[in-house]
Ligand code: GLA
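Next comes just one chain, in structure tokens: the form predicted on its own.
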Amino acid sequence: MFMSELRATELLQGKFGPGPESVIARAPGRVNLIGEHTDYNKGYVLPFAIDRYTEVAIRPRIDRKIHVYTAAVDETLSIELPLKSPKPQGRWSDYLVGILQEFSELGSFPHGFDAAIWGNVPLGAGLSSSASLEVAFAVALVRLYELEMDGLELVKLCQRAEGSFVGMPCGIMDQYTAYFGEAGQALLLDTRALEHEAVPLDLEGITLVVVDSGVRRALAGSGYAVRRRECEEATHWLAQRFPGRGIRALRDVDQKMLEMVRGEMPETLWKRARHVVEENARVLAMVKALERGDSEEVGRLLFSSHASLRDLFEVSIPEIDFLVDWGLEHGAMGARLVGGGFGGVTLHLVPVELKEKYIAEIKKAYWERFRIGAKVVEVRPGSGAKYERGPDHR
């Protein structure tokens, strides 16, 4: 139960007045411990849901109108059913309309609704605020309309909405973690099989700190889509070069193949492929390190992942590199860029006894270097999507 924590219900009443019983849904943001840009290459990832959430309170209307208020930007989306070939607007509401469009493909909505959204996942910072919103909204719709839909089907629907309507060709990791996350655990997710196993994320004496660079990027308009195309081109090139190996994604490539074509394969494509191949290996090595409770190896793998994202996948920026390098020099066990890149956040493994000093000094150093105020938050592995019935306020 999480009723006492909810603010979305208060917003719903404040914006739309008295009304019938509401459905309240919540879904978390996520941090990907390791396994960056491997999900859409059918590889392995090791994310965990965080203890920051998007909450949606929703209740039925008697007409066909839809009103959704979000506190994040203090705006209301107002549309009417049935949807009439909606077009993306490049705004927050695209995520909601995309979800509604996907649901409308499954059948018509019998009535409209009022809804309010509140959250504390930083927007555009690499903590997957968009997937948190999508999953919370989709769960709310499933419960409001009493639809039959299992978790994986819902996750796939949310991914389709972001890809087809929003225009962001994302992998499935973010939505999957927002739905299936487990408290105290990371998820070793095989993105080809769409199966996971829980891995305890409990490093003694270590705290997980996220540092928000304050540099925002809209992934759909950034180099993310370019990197995805480059990975597809690399896959096609390697499949032609090794026709008998059944290469359908970079998941199917190994280090030996890449060494055989070094100097022959276009350099940019080779670098992208090498990152993915080595990052998949790092994910599996990370699982073993966590099982041993080996904080030093966990940290080494994080720094190695960042170096690869910086040098081979080329998605880092000076602000992010500064935060990681500063961490390396000031006591972090490990640090790396988290998310699609080109801004966003870094994850730092910090000894508990250094936490307060570390946080204060990295904020100070970052301000002195870039004149940007970095937001720093400690995160813990949280649970995935939840829902419950709210009060009746008629």
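One-based numbering along the sequence shown. Being a predicted model, the structure only gives us computed values, none of them experimental.
Omitted here: the form predicted in complex with alpha-D-galactopyranose (GLA). The next part is about that form.
Undergrad: Would Tyr40 show up as a contact with alpha-D-galactopyranose (GLA) in the predicted complex if we use heavy atoms at 4.5 Å?
TA: Close contact exists here: in the predicted complex, Tyr40 approaches alpha-D-galactopyranose (GLA) to within 4.5 Å, heavy atoms only.
Undergrad: Looking at the partner-bound form in the predicted complex, is Tyr224 within 4.5 Å of alpha-D-galactopyranose (GLA) by any heavy atom?
TA: Tyr224: contacts alpha-D-galactopyranose (GLA) in the predicted complex.
Undergrad: Does Gly35 reach alpha-D-galactopyranose (GLA) in the predicted complex if we count a contact as any heavy atom within 4.5 Å?
TA: Flag for Gly35 set to yes.
Undergrad: Contact with alpha-D-galactopyranose (GLA) in the predicted complex for Met173, defined as at least one heavy atom pair within 4.5 Å: yes or no?
TA: Close contact exists here: in the predicted complex, Met173 approaches alpha-D-galactopyranose (GLA) to within 4.5 Å, heavy atoms only.
Undergrad: Considering alpha-D-galactopyranose (GLA) in the predicted complex, find the one stretch among 336-344, 50-58, 358-366, 63-71 with heavy atoms no farther than 4.5 Å from it.
TA: One stretch meets the cut-off, namely 336-344.
Undergrad: Would you kindly say which of Val298, Ile117, Met168, Leu100 lies with a heavy atom within 4.5 Å of alpha-D-galactopyranose (GLA) in the predicted complex?
TA: Flagged contact: Met168.
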